[in-house]
Ligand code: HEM
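One chain is shown next in structure tokens, namely the form predicted alone.
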Amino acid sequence: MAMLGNSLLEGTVLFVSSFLLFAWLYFWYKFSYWQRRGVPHSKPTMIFGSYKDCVLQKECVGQFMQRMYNEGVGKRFFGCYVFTRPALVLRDPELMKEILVKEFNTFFNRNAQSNHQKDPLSQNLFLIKGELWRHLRLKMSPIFTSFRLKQMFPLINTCGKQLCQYVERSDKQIEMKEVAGKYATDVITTCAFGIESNSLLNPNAEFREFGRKIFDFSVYRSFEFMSAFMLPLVAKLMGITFFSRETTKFMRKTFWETIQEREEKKIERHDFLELLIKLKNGKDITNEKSMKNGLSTETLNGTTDVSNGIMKDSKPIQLEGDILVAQAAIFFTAGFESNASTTSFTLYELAMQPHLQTRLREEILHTLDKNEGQFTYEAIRDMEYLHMVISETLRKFPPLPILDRVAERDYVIPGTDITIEKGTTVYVPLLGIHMDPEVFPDPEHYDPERFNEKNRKARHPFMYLPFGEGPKYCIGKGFGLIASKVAVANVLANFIVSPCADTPSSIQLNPKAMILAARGGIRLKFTKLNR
């Protein structure tokens, strides 16, 4: 009996020892990937690689990539590990240009994973891959021309006026991110669905409730987003979805009921949904007058004639069913959260530096005087200092703080013998670039003069990329800028914004959020202007 017990103990010890040795050898091999290739890299920790603080939710993904960018100071690129997966962080703007633009056909897809069976609304322009993306981008691009934005502007500006009415009725000390979220929700719903969601008037408005649920970054929701963006295999195995069944059901119902009403009553409205209806019915909107401000034609790699990187000989697709709903869903989701963040961060920074606020208000009031007391699309677009202010906000707080691309084939980095192997993810760390003191001196200081004409021209264009670059630049860039500018212009034309007792002295980022957000919110004081 004693001999049997000793044998079991020895066997257990041998098994455990062998397992630990195998595990050590496995991780040692995985974490020597960049060392074997002679690439400077971060020192990994067991299991987590370079990603430990992000997994433990001590830092957000943007801060993680900023840390990798800073560790690679003086290098063109820097290796890291997301768990055991090797990834490359870019630091050289010319290499960023090479990968995002010139080598687009090699670095075509994003890393983000989606599940069309479990999450039908993930068939959207942000998440889909391959040829389907090419087709869809070509279909959708004409929707976001300057001509279209000008048509939508009155709808956006009405929401800006409602924002001022809300502030005037409120407690004067406002949690700005929540209020900006309500404004952004109203802007998106009226421009995407032609629906007055009344988020500013109704605290229980359905669209606002669903918006909160999508970006309610609990510990588990944060893990879901992190996995979808950074750990595609985990996301696939766990069946992680961007949109819940409840959200999908709500979006489908709202979308199709609105389309049916419009088609039955022959309602026409200058908004996103009207253009989607035209695409659904097979109408070609690319031949309309608006195209003079739309797609540009260029040649990538000197071989493929493309329109914004989209092959012209691609087979057509029919926009229908859930694919159509998915485009409205991502427009709503990405639009309201990024717009709310930009608006709230801008008002916070202007509250903390009243002289900047005063200068901007002078420009805003002067613009109103020239336009008979009304904002127009051209007036908002042409305010130079307002554009500088919003640009500085997007530098310091880029809503989506990283860009990612996956190598579709082996690629040798120019000027080196180092190969980025097929399947490797490459990251452009926007937060790291935008906060680089070599590019933006004293980066924590909020200074719109960084974006005056002289300073813009002196800077490499790929060292400021809040909307990305290349064929996959943010298609909603123009819409997002106009929506944020309208909110800020309307507020500053009517109120003085200042700190209150609960205003943080500096912004601390929420480590659970994928889109940059302030931890604990942003409370500000609003005083009505007498004019």
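Note that the structure is predicted; figures quoted are calculated from it, not measured. Residues carry their position along the shown sequence, with the first being 1.
From this point on, the text means the form predicted together with ligand HEM, which you will not see here.
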* Taking ligand HEM in the predicted bound form as the reference, which of 277, 400, 200, 251 has a non-hydrogen atom within 4.5 Å? -> 400
* Structure fact -> The listed residue (182, 405, 395, 148) that reaches within 4.5 Å of ligand HEM in the predicted bound form by any heavy atom is 405
* Any of the heavy atoms of residue 467 lying within 4.5 Å of ligand HEM in the predicted bound form? -> yes
* To do: Please run the contact check for residue 272 against ligand HEM in the predicted bound form: heavy atoms, 4.5 angstroms, yes or no?
  => yes
* Asked: Might residue 331 be said to contact ligand HEM in the predicted bound form, defining contact as any heavy atom within 4.5 Å?
  -> yes
* ligand HEM contact in the predicted bound form: residue 55, any heavy atom under 4.5 Å -> no
* Go through 218-226, 251-259, 235-243, 338-346 and give me the stretch that gets within 4.5 Å of ligand HEM in the predicted bound form, heavy atoms only. => 338-346
* Taking ligand HEM in the predicted bound form, which residues of 460-483 have any heavy atom within 4.5 Å of it? -> 466, 467, 468, 469, 472, 473, 474, 475, 476, 479, 480
